[in-house]
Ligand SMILES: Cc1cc2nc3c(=O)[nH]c(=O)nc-3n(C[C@H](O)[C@H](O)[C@H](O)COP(=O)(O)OP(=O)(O)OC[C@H]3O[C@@H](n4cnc5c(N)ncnc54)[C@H](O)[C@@H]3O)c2cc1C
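Next comes just one chain, in structure tokens: the form predicted on its own.
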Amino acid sequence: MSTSLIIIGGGIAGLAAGCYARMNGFDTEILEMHRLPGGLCTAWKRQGYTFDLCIHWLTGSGPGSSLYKVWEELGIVQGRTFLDLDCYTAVPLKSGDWFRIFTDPDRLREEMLRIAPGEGPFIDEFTRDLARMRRLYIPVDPGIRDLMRMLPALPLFRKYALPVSELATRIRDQDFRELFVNAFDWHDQSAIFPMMMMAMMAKGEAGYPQGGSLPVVRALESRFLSLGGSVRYGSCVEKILVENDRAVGVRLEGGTELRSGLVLSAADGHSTIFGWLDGRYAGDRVDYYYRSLRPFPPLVFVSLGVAGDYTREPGSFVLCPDPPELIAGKEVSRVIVRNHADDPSLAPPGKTVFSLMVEADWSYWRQFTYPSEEYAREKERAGKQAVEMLSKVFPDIASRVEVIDVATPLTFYRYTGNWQGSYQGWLWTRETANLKIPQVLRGLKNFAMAGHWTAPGGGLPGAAISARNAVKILCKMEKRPFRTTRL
């Protein structure tokens, strides 16, 4: 007789956990609060445009990556077209030109020397290390041979664990130092993060899936359903039921109780530990994480439908208002912009989708009531400011904007329950780079966790690998071997 399993959350981690659970014979049902799968990996349509929240690139999209077999197991890469990215991001120059961050180390070296010919020693060292990073291999199920393959890259991890802003202090040219920080920094994460991503892009192992997030999510949902799993949408968990320190099911909002032999939470970590379990199994270690570690900050996510062709412009670039601009109660000095012109499926012919990621303040947005006129006005004001900001790069764009859509931290919280409106989980910093977040809670049996709050750095790989590991834990609890299958 198979063991019943309830999975809380139908995002990437929940769906992936569901797939692996079914591969290993668990009678599995996913409970998802939203009416759609995907969680934070999602998109929505407005007046003929598709606004995509999530995928910039898919790490592991190439067969040479160890992650590729995971995506094959989950049915994500089969039959999908990936666009290999030759430019990580770009920064506009005062001259009207761009400083482009090419993923190829040789092209990047030439571009950097064009901007700052006097910084040759730093540029040579940085791009040489970036080229070495291309040899990096991160195994999913590491054995001795895999660990030996990782050894050459370990010194680079130590060398570039420092924040980008700290690394940039070695640059003497002030203008180039600012450009370097603007190009690579994001919430003061470790420099190793953008370097790893660029190295994978250069190898063809981090391409953009044409069509964006929704086709990927639907493929994952289809894989889970084809394995015999079931999803219950519109189901909000109120409590995880515990008897004699064993998870035995959940209670939904409205009072319905669902019993199961095992429970796996792939939902928000704070809600799981301190809400649905009342903090009873947190312990000092987990308490410390939620008091001290830095989560990804919340965002105001502005999407624009623009009547114009921008295929000649960078697919991703950074805007740096000088002086910083006050948007929704927070001074903003850096905004990441995505130009989706390379994916014609997201917009009508001859038109383009832009999205702007504007760092926000949770305490500011939580004061608003949804829905309310005051909240709507604040969203409208943020949208207009985003257009004005983009107009400094493309002066005629304001007259071309057909649709403005604004998602706020309250939107993130309303649809995913993510703590403080964060758009992922823990930032990848020097403190968290090698941190192993526990996927079980001390003292609680028949329970495991997966998702961004157990995988610093976030992203689809973190969600999927944490899900795979969580099911391994459940298999060990049930004294059964862990097995996988591929489509």
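This one's a predicted model, so the numbers in the text were calculated from it and none came from an experiment. In this text, residue numbers run from 1 along the sequence as written.
Omitted here: the form predicted in complex with this ligand. The next part is about that form.
Student: Pick the stretch from 412 to 420, 117 to 125, 323 to 331, 307 to 315 whose residues have a heavy atom within 4.5 Å of this ligand in the predicted complex.
Tutor: Only one stretch passes the 4.5 Å heavy-atom test: 412 to 420.
Student: What is the one choice in M33, A433, I437, V440 with a heavy atom within 4.5 Å of this ligand in the predicted complex?
Tutor: The residue in contact is M33.
Student: Which of F26, W57, F447, F51 has a heavy atom within 4.5 Å of this ligand in the predicted complex?
Tutor: Selected residue: W57.
Student: Under a 4.5 Å heavy atom criterion, is M389 part of the interface with this ligand in the predicted complex?
Tutor: No, no contact at 4.5 Å.
Student: Would you check, heavy atoms only and a 4.5 Å threshold, whether L154 touches this ligand in the predicted complex?
Tutor: L154: no, not in contact with this ligand in the predicted complex.
Student: Is there a heavy atom of I12 no more than 4.5 Å from a heavy atom of this ligand in the predicted complex?
Tutor: Because a heavy atom of I12 falls inside 4.5 Å of this ligand in the predicted complex, the answer is yes.
Student: Considering non-hydrogen atoms and a 4.5 Å limit, does this ligand approach L40 in the predicted complex?
Tutor: Heavy-atom contact with this ligand at 4.5 Å: present for L40.
Student: Considering only 226 to 257, what residues come within 4.5 Å of this ligand in the predicted complex, judged by heavy atoms?
Tutor: Counting only heavy atoms within 4.5 Å of this ligand in the predicted complex, the contacting residues of 226 to 257 are S235, C236, V237.
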